[in-house]
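Next up: a single chain in structure tokens, the form predicted on its own.
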């Protein structure tokens, strides 16, 4: 499946006139295979050995291109670094308060909330965002071992 996603994403970029550089290809491939919602720094660290001349700015610039093309979503959480998500269909996130791990989950019933909010307030709803916070299994296990 990820090879099809990569081909589709590359085709989408090419159709908008974006040149596919080796770095751009590698960043996109990393995003497709990532399940961690990486920061630009995470991506840079993962690829710096393969592309020693690539900078963090290159990663940010490519993520901006991907975001404008609708291939990734930028997730901002307060003052911390933005994280990026290749899965752009509607879904939600649960976030670990201890380590910051972000996990996707889908709950279809919340689409009704947009309709209700629009009906009650008269707003034109553009989107909604749901985040649930807790402690992941890994952090719970570490806490249990420490006690």
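These figures come from a predicted structure and were not determined experimentally. Numbering follows the first chain given and starts at 1. In this text, the rigid core denotes the largest set of C-alpha atoms whose superposition between the two forms falls within 1.5 Å.
The same protein also exists as the form predicted in complex with a further copy of the same chain; that form is not shown, yet it is the one meant from here on.
Interface membership of residue 21, defined by any non-hydrogen atom within 4.5 Å of a further copy of the same chain in the predicted bound form, is ruled out. A residue is said to contact a partner when one of its heavy atoms sits within 4.5 Å of a partner heavy atom; residue 110 meets this definition for a further copy of the same chain in the predicted bound form. Mapping the unseen interface onto this chain, residue 140 counts among the residues with a heavy atom inside 4.5 Å of a further copy of the same chain in the predicted bound form.
Contact check for residue 116: a heavy atom falls within 4.5 Å of a further copy of the same chain in the predicted bound form. Only one listed stretch (51 to 59, 22 to 30, 35 to 43, 117 to 125) carries heavy atoms within 4.5 Å of a further copy of the same chain in the predicted bound form, and that stretch is 117 to 125. The contact residue chosen from 69, 47, 87, 95 relative to a further copy of the same chain in the predicted bound form is 95, the criterion being a non-hydrogen atom within 4.5 angstroms. Shown in the overlay between the shown form and the other one, fitted on the rigid core, is a CA shift at residue 122 of 2 Å or greater. The rigid-core alignment places the CA of residue 134 2 Å or more apart between the shown form and the other one.
Once both forms are fitted on their rigid core, the CA atom of residue 110 lies 2 Å or more apart between the shown form and the other one.
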